[in-house]
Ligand SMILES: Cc1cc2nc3c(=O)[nH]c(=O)nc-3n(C[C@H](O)[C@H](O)[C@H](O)COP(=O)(O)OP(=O)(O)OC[C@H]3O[C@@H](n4cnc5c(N)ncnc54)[C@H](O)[C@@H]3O)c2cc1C
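The chain that follows stands alone, in the form predicted on its own, written as structure tokens.
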């Protein structure tokens, strides 16, 4: 720790300097709050920090991102970077990778049409079922995308605020409102019977949330499918560390920043 911060008064103390903590701290500082971040590690980033071996940089945590180089992206991280006046240079690519099953390997495209085409090579009927499920998810996405995630709050006063500022998005969301709190698995049960596609969906959900389809909430997959197809899959030049550096700069440049306390 540098300096005697223990006697200062803060509006907020953020415990942990992972991407979530840094986003919260940078936004608080941006809007004039006195904030300090406490981190037990020697570097910021939490699970998202990096290490260097023989001149090569390696990510130690997340390594998949969407929309970093697209200013129209709904990625909340992209929105935070815009709000604090920071940018991260990134390179777009597709497919995002390959999933390796015991019976075959499958390229996973962000582009929805190419994604379905790969499914149709394996199970035409399953691809048709998935298309129906995808349409339901994209209806939800159509409403959610018009309501910035940065505007969401947990208190009841958010309801009149959202309808007053984002009425069109809220109206688009109405047909899907009953599914917003449901799991992906429950919605998939209506459309998908093909066991191969269900296995694929479980893997997609697990890589997204750490849980299978019945343990993952529907808006997560709605955003995943919508953003992968309508924005870009990209990777930050400099790895996850470049994102951490941008958030730290935003925090340090914020008018309410009091620094980072490492213990």
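Numbering follows the first chain given and starts at 1. Owing to the predicted nature of the structure, the values given are computational and were not obtained by experimental measurement.
Another form, the form predicted in complex with this ligand, is not on view; read the next lines as being about it.
Legend entry - Options 196-204, 225-233, 26-34, 40-48; stretch whose heavy atom lies within 4.5 Å of this ligand in the predicted complex: Answer to the contact question: 40-48.
Legend entry - is_contact(residue 62, this ligand) in the predicted complex, heavy atom dist at most 4.5 Å: It does: once this ligand is placed as it appears in the predicted complex, residue 62 has a heavy atom within 4.5 Å of it.
Inset, instruction - Consider residue 239 of the chain shown here, and say whether it contacts this ligand in the predicted complex, taking contact as heavy atoms within 4.5 Å. - result: No, residue 239 is distant from the partner.
Legend entry - Contact flag, residue 21 vs this ligand in the predicted complex, heavy atom cut 4.5 Å: Judged by the heavy-atom cut-off of 4.5 Å, residue 21 is in contact with this ligand in the predicted complex.
Inset, instruction - Could you confirm whether residue 16 comes within 4.5 Å of this ligand in the predicted complex, counting heavy atoms only? - result: Yes, residue 16 is a contact residue.
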